[in-house]
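In the structure tokens that follow, a single protein chain appears in two forms: structure 1, then structure 2.
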Structure 1
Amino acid sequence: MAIIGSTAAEMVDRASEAVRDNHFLEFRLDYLEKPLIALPKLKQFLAENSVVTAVATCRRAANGGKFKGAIAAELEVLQKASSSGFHLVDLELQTAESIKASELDKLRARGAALIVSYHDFQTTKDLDGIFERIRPYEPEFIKIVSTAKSLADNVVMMHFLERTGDMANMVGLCMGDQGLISRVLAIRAGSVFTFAAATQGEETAPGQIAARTLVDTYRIGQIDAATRVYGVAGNPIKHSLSPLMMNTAFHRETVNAVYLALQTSKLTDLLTLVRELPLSGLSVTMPLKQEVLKHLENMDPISAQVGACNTIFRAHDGKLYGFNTDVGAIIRPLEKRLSLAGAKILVLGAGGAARAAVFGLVNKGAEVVVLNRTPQTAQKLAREAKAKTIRREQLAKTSFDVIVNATPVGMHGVKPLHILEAKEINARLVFDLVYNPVDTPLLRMARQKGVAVVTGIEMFVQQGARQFEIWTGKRAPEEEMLRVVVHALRQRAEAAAAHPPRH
């Protein structure tokens, strides 16, 4: 766990909090204005907390850190840290290569174990070459951290760890949003340890996640060679609550599996991961739901009809089978509230989720009307599903039983915020498939007009529950899945209210 702070007191406070859950702490001394002055206080903390194994890092700005001093000053900080009770010191390869052997001996003579590290903030390449540059220094630990520009880069890193794990004590992972896989699975591949932030908002590297998330959500301590790997693939994926929901379900039903967020827009990249990792199953979101069909061995009839699949199961022989759990997850919440036969329903959008809504509703005998930003796409979908289209200017004077938003408009981080104006919401019920935030601009407008609403949480939990059942053959713990999602969304809403965005 990485500990940061601008003063020694701040660092000690954070370390005191962190040590309740984690005894392996990296102190980022380069975050301190005057690291040498802070060391006596850190020495006292380490003396009082003998359970802690402490790493001293003073990374120079030239190598991605915050320390602005010269190499000699960096060495002085690390030497004094070693004398202050730190058990390991982290020295960048670039520094090791620019100092004399005698200076390195002097650093090692202080008693701390040596980590020689290399960080590539741009890409993942030539890991073996970097390894060979570090090996002559014979450090106790070799740490190589790259940046994942694709999901497949994680595979490169993990294969590298598997190759070199017998030759040295290796620490390796990928930074960036696409590097999550390696942060969770690197230990299984042979990394001696991994890195996490003390709390959310205190990340010391791109893509780093909070220690509590790594332990509570991903259950990193329980991952072994038999752990099956699943994930949600698409873009954007950063704010998805699928990992929280699915990992909770796996834990509740004692399934040895982990579920990861896989950010990508490239199907070839995703298929490489499926094959090489390998993945046991996938939730597929925008923009891959339709493109993935041609790579499936077979699919359920509704996926074939809709032309979009959101669930993939990988059989023992490596072949992929597709299912669509979106359709049922859209239909069920509506059927609880009204009879769909003959109901007049407006569907906004024409992508994968919209196709699921339109085909599913038409199958139930509803009269479906499609509105999309690109009219040609709406017309194509309407033709295929035996639905109709409508022009935007007709909305204000047309009434519906239900309006379904199947676009990402209103989703956290997606612009524009509004898909309809208040005068265009003429319906008995509005169902927004967006679940984050719970209270979307569309639902707020509907409530203000006295229109009943269905939140996207219902659909989100329903489709996830069916995916869980397809993958595991067990009944999904729906109540628990719903509980953790609602709790997480409430926490996010409270955090957003406390820290509104500045304009």
Structure 2
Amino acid sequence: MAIIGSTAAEMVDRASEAVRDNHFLEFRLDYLEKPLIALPKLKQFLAENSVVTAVATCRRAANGGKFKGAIAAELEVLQKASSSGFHLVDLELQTAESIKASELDKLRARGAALIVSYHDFQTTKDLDGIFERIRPYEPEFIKIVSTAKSLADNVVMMHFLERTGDMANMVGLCMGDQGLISRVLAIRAGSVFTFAAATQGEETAPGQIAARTLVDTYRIGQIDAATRVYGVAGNPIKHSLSPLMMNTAFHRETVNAVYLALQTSKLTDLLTLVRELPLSGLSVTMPLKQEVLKHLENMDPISAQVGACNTIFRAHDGKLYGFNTDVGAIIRPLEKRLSLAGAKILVLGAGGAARAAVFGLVNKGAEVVVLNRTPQTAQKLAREAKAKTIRREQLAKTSFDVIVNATPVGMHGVKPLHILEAKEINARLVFDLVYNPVDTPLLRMARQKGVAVVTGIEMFVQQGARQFEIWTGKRAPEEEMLRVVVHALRQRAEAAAAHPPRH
């Protein structure tokens, strides 16, 4: 866990907090205004906390750190750290290459073990070449950190760690949003440790995740060679609640599996990862739901009918099978509340979610009417699915059994806020597929009119629960999945209220 701070007192405070959860701490001495002056206090902290294994890092600005001093000053800080109770010192390869062997010997003579590290903030390339440059220094640990520009870069890092793990104590991972996989799986590939931020907001490298998330959500301590890997692929994906929900389900049902956020818009990149890692299954989201179909060996009839799939299962023979759990996730909550055969249902929108709703409802015998901002798309969908369209001005004098909102209107950050006016809500039930916020303006308006509502969370949990069942053959712990998602959304809403965006 990385500890930052501009003064010794700040660092000691953060380290004292961190040590409750984690005994392996990296002190980023380059964040200190005066590292040499701070060291005695850190020495005292280490003496009082003998459980801690401490790494001293003083990365110069030229190598992506914050230390403004020259190489000689960096060495002085690391030497002093080494004799202040730090167990490991991290020396950048570029520094090692520009100092005399005697200076390196002097650093090592102070007692701390040596990590020689290399950081590439641009790409993932020539990992073996870098390894060969570091090896002659015979450090106790070799740390190579690159930047993932694609999901496939993680595969490159994993294979590299597998190759070199027998030759040295390796530490490797990829930075960046696309490198999350390597932060969770590097240990399995042979990395002797990984790096995490002390808390969210205290990241010391791009893409770093908080230690608590690594432990609680990704259960990093339990990942082994038998752990099956799943993920949600799409873009954007960083704020997806699927990893939290699905990892909770795996944990609850004691399935040895981990579920990761895979940020990509490129299907070829995703398929490389699926084959090479390999992945056991995928949730697929925008913009890949339609495009992925042609790469599947087989799919369920509803995916073929809707023209999109959100779930992939990779069989033992490596073949990919597609399923669409969105459709069931819209139908089921409604079926619980009314009989769909003959029900008159208005679907707002004509995009991916609306297609799932319209086809699914028509299949159940409902009389479906589509309204979309772009009328042509509504007409096309209605033609394909044997539904009808309606004009906006007809709404106020038409009543429905159900209104389904399948547009993003009402979603956090999307304007305008209202997809319908109060006088246009003439229905027994309103189902808003938007789930962030849980309580949307449309649902509030419906409630005020005494209309029953279904929240988008129900769909979100249902589509995930069915994915879990397809992959594991076990019944999904739906209540627990719902609980963690509601809790996380509430926390996000509270955080947003406490720190409203500045315009």
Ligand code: NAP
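Residue 1 is the first residue of structure 1, and the numbers go on in sequence order from there. The term rigid core refers to the most C-alpha atoms you can superpose between the two forms while keeping them within 1.5 Å. Source: prediction; values computed, not measured.
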{"property": "Form predicted alone - structure 1 or 2", "result": "1"}
{"property": "Hinge pick from 84, 134, 392, 462, given that two rigid parts rotate relative to each other between structures 1 and 2", "result": "462"}
{"property": "Smaller rigid part, angle turned between structures 1 and 2 (C-alpha superposition) in °", "result": "17"}
{"property": "Residue 443: CA movement between structures 1 and 2 [superposed on rigid core, Å]", "result": "5.3"}
{"property": "After superposing on the core, C-alpha shift for residue 423 between structures 1 and 2 in angstrom", "result": "8.6"}
